[in-house]
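The chain below stands alone and is given in structure tokens; this is the form predicted alone.
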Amino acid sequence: MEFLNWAFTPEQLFDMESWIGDWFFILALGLFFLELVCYSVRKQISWNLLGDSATNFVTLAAYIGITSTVIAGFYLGVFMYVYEHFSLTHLPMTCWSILACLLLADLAYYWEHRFLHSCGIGWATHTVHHSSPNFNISVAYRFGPLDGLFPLFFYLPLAFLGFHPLMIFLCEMLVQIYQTLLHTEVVKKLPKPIEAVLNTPSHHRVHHATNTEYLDKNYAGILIIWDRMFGTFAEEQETVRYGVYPRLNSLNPVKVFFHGFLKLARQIYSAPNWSYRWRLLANSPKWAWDQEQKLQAADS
């Protein structure tokens, strides 16, 4: 257990994050290829599936482009400023502190993820990730335009607590990597002790479902205990139907990438008053859908 006391420099944390991120992407591509082989053996592969998968990687490229050119500098700058000027302490960069940071980062991810489902402005970017009618490793790389911005508000408290920003970014990446592995139908249910504590492909399939009983469930990153604690857990029982409602029937990566914000813009433009417009930004997508149905019923 002595290795848990090993200390790291910021440069070592940066190198570790880069090395893990680069090699995991290669691993993810290999896993995706194996998924395609499984689809082929089951005679479930189609041009639509391949086209959808290609769209996923195009949205990844667009997300990286926006993040690296617009968001990354601001993101890093805010974290470093808070850490240098407002943090309660500067925690040592050891394996112990990385584990503590990872636990807190996982909790922060739960609330960020829940936020993205709970308001119109969050859902406008996150709906891209949910819009695929398929569920495989490539879907994990289906990003929206502002997916790189919202984590700032949920991970920033870790810098106030004294975790070095590079440690936070490493843990944020580890949570995302774990999430990537959950996007598969190849793995069914795992042993009950694992399903009870960890997020699994089964739990995450529920999160991507449009089934009524599965809506707004299983926001967890690594530990499913957050959903169990905060009342948002659902177990996979019925066959999952993936996508969003209404379904986005398009393989056009530009349409897929921007459709959430275009839909929100149309809703705001046609809203009856400013109070309604603000609610479209702050309230849940379900609220917006219910209001739209009421307005249509009133017009008819």
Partner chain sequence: MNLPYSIVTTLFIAFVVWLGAYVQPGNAGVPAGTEPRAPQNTAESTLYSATEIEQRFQLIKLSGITAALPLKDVTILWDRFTRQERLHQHLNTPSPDVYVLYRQFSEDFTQARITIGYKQTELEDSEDRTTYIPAGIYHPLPAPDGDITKAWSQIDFNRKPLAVIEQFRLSPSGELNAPKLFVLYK
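This is a predicted model, so every value here is computed, not measured. Numbering follows the first chain given and starts at 1.
Keep in mind the form predicted together with its partner chain is missing from the figure; the text below concerns it.
Mapping the unseen interface onto this chain, residue 142 falls outside it, with no heavy atom inside 4.5 Å of its partner chain in the model of the complex. Though the partner is left out of this view, residue 18 does not reach within 4.5 Å of its partner chain in the model of the complex, counting heavy atoms only. Among heavy atoms of residue 73, none comes within 4.5 Å of its partner chain in the model of the complex. Using a 4.5 Å cutoff between non-hydrogen atoms, residue 90 counts as a contact of its partner chain in the model of the complex. Partner proximity in the model of the complex, defined as non-hydrogen atoms within 4.5 angstroms of its partner chain, places exactly one of 170-178, 76-84, 183-191, 197-205 at the interface: 76-84.
With the partner omitted here, the residue from 223, 119, 146, 100 that has a non-hydrogen atom within 4.5 angstroms of its partner chain in the model of the complex is 100.
Candidate site formed by 209, 288 and 291: none of these residues places a non-hydrogen atom within 4.5 angstroms of its partner chain in the model of the complex. Shown here without its partner chain, the chain has 161, 163, 164 in 154-185 lying with a heavy atom within 4.5 Å of that partner in the model of the complex.
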